[in-house]
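Two separate entries follow, structure 1 and structure 2, each one form of the same protein chain as structure tokens.
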Structure 1
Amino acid sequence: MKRVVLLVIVTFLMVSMILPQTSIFGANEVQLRFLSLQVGVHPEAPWLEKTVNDFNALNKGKIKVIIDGVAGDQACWEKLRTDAAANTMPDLFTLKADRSEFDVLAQSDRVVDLNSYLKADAEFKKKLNDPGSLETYTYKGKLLGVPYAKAYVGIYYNKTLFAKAGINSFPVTWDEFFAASDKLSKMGVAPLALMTGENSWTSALMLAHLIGTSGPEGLKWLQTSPKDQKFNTPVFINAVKKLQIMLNQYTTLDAIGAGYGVAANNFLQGKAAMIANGPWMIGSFSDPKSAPEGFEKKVGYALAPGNGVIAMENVAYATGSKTKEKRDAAVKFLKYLTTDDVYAAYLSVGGAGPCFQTDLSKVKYPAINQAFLPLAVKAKNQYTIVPNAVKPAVIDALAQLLPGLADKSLAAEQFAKQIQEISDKN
């Protein structure tokens, strides 16, 4: 009897191992692996979980999306890069507009071209109607992702500290900006939350604002392709000179070598009066684990001096499925992501700008963003982030060279020369 039971168990296990996808439990259910960093404490995690659950319920027995969560930008990127190298791409994943990531995946030829799906579905094609967004995710004529989030990045400022320093409104010229910084500095508050560690994010954003608002040459500089970029130019050197003043006089002592966490914390704890950052930071203003109670009421969001704003494509969703069956299922999910309710819920969480036609009346933007977005959309100077205009090695080099710029052991011209050499060699 024991032998018979054992034989049945073994046979059952063998059959279920051989036929995992088409088992007796779910006839022909297509399972999709969704590699995502929107898990754990990520502010968009609840949105993703609900979206996936709703989609799975709608497609019960046919398609099942399974979240393969990897917390943290860097860790998730490394997983995706490894998957691409091993040719085991996830069926669904976030495709970042950041050139250092996008180019690597685009060149790998492992991301599915969505053009044929757009051609086959007029409704879907009509919906994705932002040519700028589509161009961002197009590589050699192939559309590699459904554009999903666009961010307008300005400068957050602490209204209470500004008022204490006798500054009534956010500066609209760079001269006013430095005068305001002087007042804040004299009050004993660091005007800016900068950082030179990691990818020098907040410092690089200030550099983009300085370049982008310097005139047509600046805008042109930020539109130049990384391989053609020139650093020994007045537009870059002048911006670096101003950044040097910020790093040398108007930031916290611990900014040199600091990562994003330190810079953000300096702003959130009122040690620094301004920080350049995107809408994804809004959630932390009212998070009791990050900021003091009521901090969100103290924060204003302004355009950069010179009427400038960073208008950057942020993320798209893409598929790397190998089989037609899985590709079709993945595209069905991508289409689901573009439905009004799902998209409105997403935009309401992160405060991002839309990348395609949608019913914006359903979006409940955070209060800080509601006042800022109309200004941002109409800003005279709109430009991208520095990482989109330079090679990844240049961004990597910022962490090496900014400390020298800060302590003035490196002049702006030398800085530009060294950056040029690094860009040429890589």
Structure 2
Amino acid sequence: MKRVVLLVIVTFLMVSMILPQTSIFGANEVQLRFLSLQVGVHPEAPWLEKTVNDFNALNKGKIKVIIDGVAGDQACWEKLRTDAAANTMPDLFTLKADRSEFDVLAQSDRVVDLNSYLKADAEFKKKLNDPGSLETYTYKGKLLGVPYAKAYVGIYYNKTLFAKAGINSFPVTWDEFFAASDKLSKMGVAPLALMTGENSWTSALMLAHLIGTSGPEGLKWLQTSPKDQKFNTPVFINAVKKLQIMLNQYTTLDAIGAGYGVAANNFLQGKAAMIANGPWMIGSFSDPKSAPEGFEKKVGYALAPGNGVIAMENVAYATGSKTKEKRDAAVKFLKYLTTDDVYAAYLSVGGAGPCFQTDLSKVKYPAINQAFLPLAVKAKNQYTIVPNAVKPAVIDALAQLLPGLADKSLAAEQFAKQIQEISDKN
């Protein structure tokens, strides 16, 4: 009998070594790769880690989500775009709302259509009840992601630096903005944390604010389809002229070629007094790995001069799984993301707006967002980001063309002409 028992144990161990993903019950554990930039010092990293760990514990031996972390927005996007081209899509990933990225993935036909899962689960379908959010992530009738965050994007500013420069409140007109920038510069502080590398994110946000608050023509420009967009127009050229002043006079010396991490760090370390960014940045203000102790008390959040705010769908979560087994497992995780406790924890990190039915009494919005959101909702001018109004090739070209604006080797009119040529060719 002992020999039989020993033989069984040895056989079990040998099989376990050969099939490491097999549980003692004989059921294969489905492993899901989750490509995410919410790692390292990203303010949402602790939330994602806890969410994945909790899900894995609930589904031990059946499903295991493994985070494939890629730090940095642009680096993560490049990896996702490469996966789409190579047909090696991750099982889980964030699907951004801006058209420059969404359209590339939608047209690749690598993202799973979730409609059949909604039809099979009445509760899941009922929860996803925001028509605008669902439309954002729908392509040719296919729902490609679970909408997860809306964002109102204004301008963060360092109240302590403003006070030292004799600025009592955030500027409400662009003339006041440039006057305040002069005061900050004379004090030896860069007014703005801008960047020309990667997707030129913070600079592109300022460009959107400049266009969106320039009147009806600006709002119309940002609503224009990328394929019909025109750049040799007064509304675009005038906004570029103001952005040129910012890049030439009012930003840090390392802005040229800088990625988002450099721009964000310049604001977090008090080297720049303002940065255009969304609510996802709020968590970093109180993160000791990102900012000095007490920094969150120094930060204010304001509408752009001209009573403007970027109002946008932000991200969804999606799956690119190839097999039904993995797709089913991935959708189970997507459903888990919509549970009240998980979603409330997410919204509480950065203060994003909800995209589906949930218990908002569980959300503890950061104080900075509690003050900003009522202003944002009532802002006179609400508009989208530049990547939604131009072709992806235009955004890619900014890294090459913005430095020319910064050193004035390129006039605004020349910049617009070159952007138009790139748009026409793509």
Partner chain sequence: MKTNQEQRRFIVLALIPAVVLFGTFYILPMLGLIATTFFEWNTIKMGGFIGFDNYLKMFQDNVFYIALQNNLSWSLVAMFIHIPLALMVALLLSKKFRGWKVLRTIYFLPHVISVTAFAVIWMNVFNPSFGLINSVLKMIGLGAMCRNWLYDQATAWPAILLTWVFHVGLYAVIILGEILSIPEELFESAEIDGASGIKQSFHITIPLLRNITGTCVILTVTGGLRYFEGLYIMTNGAPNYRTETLALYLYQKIQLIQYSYANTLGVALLAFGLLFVITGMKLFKLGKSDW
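None of the values given here were measured: they were computed from a predicted structure. Numbers given to residues start at 1 and step along the sequence of structure 1. What we label the rigid core is the largest C-alpha set whose atoms superpose within 1.5 Å from one form to the other.
**Q** 1 or 2: which is the form predicted on its own?
**A** Of the two forms shown, it is structure 2 that corresponds to the form predicted on its own, while structure 1 does not.
**Q** Following rigid core alignment, is the displacement of the P171 C-alpha between structures 1 and 2 equal to or greater than 2 angstroms?
**A** No; that C-alpha moves by less than 2 Å between structures 1 and 2.
**Q** Does E293 show a Cα shift reaching 2 Å between structures 1 and 2 after rigid-core superposition?
**A** No; that C-alpha moves by less than 2 Å between structures 1 and 2.
**Q** With the larger rigid part held fixed, what angle does the smaller part turn through between structures 1 and 2, rounded to the nearest degree?
**A** From C-alpha superpositions, the smaller part turns by 18 degrees.
**Q** With both forms fitted on the core, how large is the C-alpha shift of N56 between structures 1 and 2 in Å?
**A** Looking at the C-alpha of N56 between structures 1 and 2, the offset is 8.4 Å.
**Q** Superpose on the rigid core and then read off how far the CA of T358 has moved between structures 1 and 2, in Å.
**A** T358 is displaced by 4.5 Å at its C-alpha.
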